[in-house]
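This document opens with one chain alone, in structure tokens, the form predicted alone.
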Amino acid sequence: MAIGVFDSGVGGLTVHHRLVERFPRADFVYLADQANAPYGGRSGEEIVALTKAGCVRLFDEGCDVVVLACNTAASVALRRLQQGWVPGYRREIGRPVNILGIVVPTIEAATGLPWEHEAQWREEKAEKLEVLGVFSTPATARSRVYEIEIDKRRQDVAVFSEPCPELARMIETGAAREALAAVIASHVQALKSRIGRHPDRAILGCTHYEIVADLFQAALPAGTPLIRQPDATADALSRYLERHPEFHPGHTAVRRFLTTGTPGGQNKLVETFWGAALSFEPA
């Protein structure tokens, strides 16, 4: 069997790259829904339908577990699919499958607490608030998943999201680094203006942004910690597979890359990040 990795485009390769490093013998199938990217401006129903279709495609390819390496899909669609669709689909195909996301591992990394933990409500305010900035797509920002879930666990952390409507599309299409740097700097400044100061830490809440993490680091004050979703996701998947031996990741180091868009090579920005040329098959 294999591990599936799904994203609306090439941003999920940042997570995929780390998973391959963590599980070098596992079999992987990556699916980019580039025909419908980006997801950030779509409605919730569209995101759920597209994510479900992507998962079906990966399960058809023999994947046992699909990692949604897309904050928008994980924020908007994951819970609905896990609770309302996956149980029936397991019975339909007669084998265990599951869908995991990257938001839960990111929140665990941001809070230093397991997902099951919920803080006891306290009437008094925390003496000092840590400010956490989240740069994301508009759909992830609208979901308020980071604000809601972090507040459940840490009352001493204030979360502020900054939606970046065009950034994922620019990265997907290989925009010049100078143009990307200018857009990122403008969003960092916009977040600072709303908060009144820079955040103490930041989450790059779209896997595309990891490709240009150095530009975020340059736009933020020196030394601002970035919570890295690929690391958090790899750690979480490792723990999950240890707890669930019924899901086998394979052992022949298969690497396949599928796209609903135009097959073939990807842009230079992606190739530079990946460290080699990448060619996608038609999905």
Ligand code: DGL
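Note that the coordinates shown come from a computational prediction; the quantities given were computed from them, not determined experimentally. Residue indices: 1-based, along the sequence shown.
Separately, the form predicted in complex with this ligand exists; it is not shown, and the next lines address it.
The stretch among 84-92, 185-193, 152-160, 71-79 whose residues place heavy atoms within 4.5 Å of this ligand in the predicted bound form is 71-79. Although the partner is absent from this view, P230 stays clear of this ligand in the predicted bound form, with no non-hydrogen atom inside 4.5 angstroms. Contact check for C206: a heavy atom falls within 4.5 Å of this ligand in the predicted bound form. V134 falls outside the set of residues with a heavy atom inside 4.5 Å of this ligand in the predicted bound form.
Under a 4.5 angstroms non-hydrogen atom cutoff, this ligand in the predicted bound form lacks A202 among its neighbouring residues.
Annotation for 165-197: the only interface residue with this ligand in the predicted bound form is A168 [heavy atom within 4.5 Å].
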